[in-house]
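Here you get one chain, nothing else, as structure tokens; it is the form predicted on its own.
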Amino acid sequence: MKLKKAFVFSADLSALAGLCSGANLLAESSAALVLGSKAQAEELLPKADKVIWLGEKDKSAIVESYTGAIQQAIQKDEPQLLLMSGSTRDRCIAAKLAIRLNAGVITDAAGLTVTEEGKIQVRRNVYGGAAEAVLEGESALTIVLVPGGLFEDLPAAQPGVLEEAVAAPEDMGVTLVSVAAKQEEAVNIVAAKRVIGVGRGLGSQENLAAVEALGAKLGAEIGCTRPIAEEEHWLARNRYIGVSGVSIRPNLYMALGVSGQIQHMVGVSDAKLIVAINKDAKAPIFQNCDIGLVADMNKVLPQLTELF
């Protein structure tokens, strides 16, 4: 069973392709709303049945001021589902749309299906990942915010058509004065097929060099648990994997010195293969991995790197 129509929108243009895959999976017809250059809109034509180009964002306007343009496009085509990313901007826009369109909003989706009755059903983790809730959209439009990497790449059945609906921003009484890039390293850990995660068992920041050497051999991105990013500050916040960090779905996840608390395991539960190394034989990680080795990660790493 599929929905008739699904729309996608995100203030983060890099998230649109993945959202389009979800729309193609869940609905007979998909449409992407693009606020950016015309070239960026055209790039999505293989991904959606229709691409609605809203024009380029006014340099002095904030993204939320285009809520009216998104609202008009939805009211015109009447999709049953709007997929958005979980970014702060998208959450703000989703809240505004929910009020204007009397739509339901579900955040932090871990999985989506369509029931035999044609309703969208969403799975999401609750209580820090200790349980899972299943929610069902009851309104004519359901807005669902999903993390990156939730959907496998699924192109449209045929190349889409481009529709121009260039819109002006609403007057929100806010002027965008300047934009400065956040000073942190660029990493897309969600898209990585191999990830190495480190926890407190790392011991010290100096031991990261050995982890990075192994990562280079495996072609893997480096991630971490919350304490490594937010307490020790040994790695950037965007590498934190867990319930309030990112969720990943790699082919291989290697957990080094990670205890395996539920708050972290929620973020890696969809990994195809989990390998764990921890010197504590009673660590919870050994109840949630495919291959486990009881050992001091810092003693094992050089040998592993040499073998690979």
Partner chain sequence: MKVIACYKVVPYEQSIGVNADRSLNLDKAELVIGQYDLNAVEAGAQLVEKHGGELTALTVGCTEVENSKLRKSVLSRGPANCVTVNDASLAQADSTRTSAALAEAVRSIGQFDLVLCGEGSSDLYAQQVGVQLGERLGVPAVNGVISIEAGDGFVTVQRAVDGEVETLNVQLPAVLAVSSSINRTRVPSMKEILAAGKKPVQAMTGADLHLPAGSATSTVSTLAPQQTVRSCRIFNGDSAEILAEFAAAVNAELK
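Positions refer to the first chain, counted from 1. Note that the structure is a prediction, hence the values are computed from the model and not measured. So that the term is clear: the rigid core is the largest set of C-alpha atoms that superpose within 1.5 Å between two forms.
The form predicted together with the partner chain is left out here; the points below concern that form.
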property: Residue stretch of 75-83, 157-165, 195-203, 224-232 approaching the partner chain in the model of the complex, non-hydrogen atom distance within 4.5 Å; result: 224-232
property: Contact test in the model of the complex: residue 252 vs the partner chain, heavy atoms, 4.5 Å; result: yes
property: Close approach of residue 288 to the partner chain in the model of the complex, 4.5 Å, heavy atom; result: yes
property: Non-hydrogen atom contact residue 304 with the partner chain in the model of the complex at 4.5 angstroms; result: yes
property: Partner contact for residue 209 in the model of the complex: the partner chain, 4.5 angstroms, heavy atom; result: no
property: Among the candidates 45, 262, 246, 69, the residue which, in the model of the complex, approaches the partner chain to within 4.5 Å (heavy atoms); result: 262
property: Contact assignment for the partner chain in the model of the complex, among 187, 213, 110, 105, heavy atom within 4.5 Å; result: 105
property: Residues within stretch 149-176 having a non-hydrogen atom within 4.5 Å of the partner chain in the model of the complex; result: 172, 173, 174, 175, 176
property: Cα displacement of residue 155 between the shown form and the other one reaching 2 Å, rigid core superposed; result: no
property: Yes/no, residue 266 Cα shift of 2 Å or more between the shown form and the other one with rigid core fixed; result: yes
property: Core fit, then residue 176 C-alpha moves 2 Å or more between the shown form and the other one; result: yes
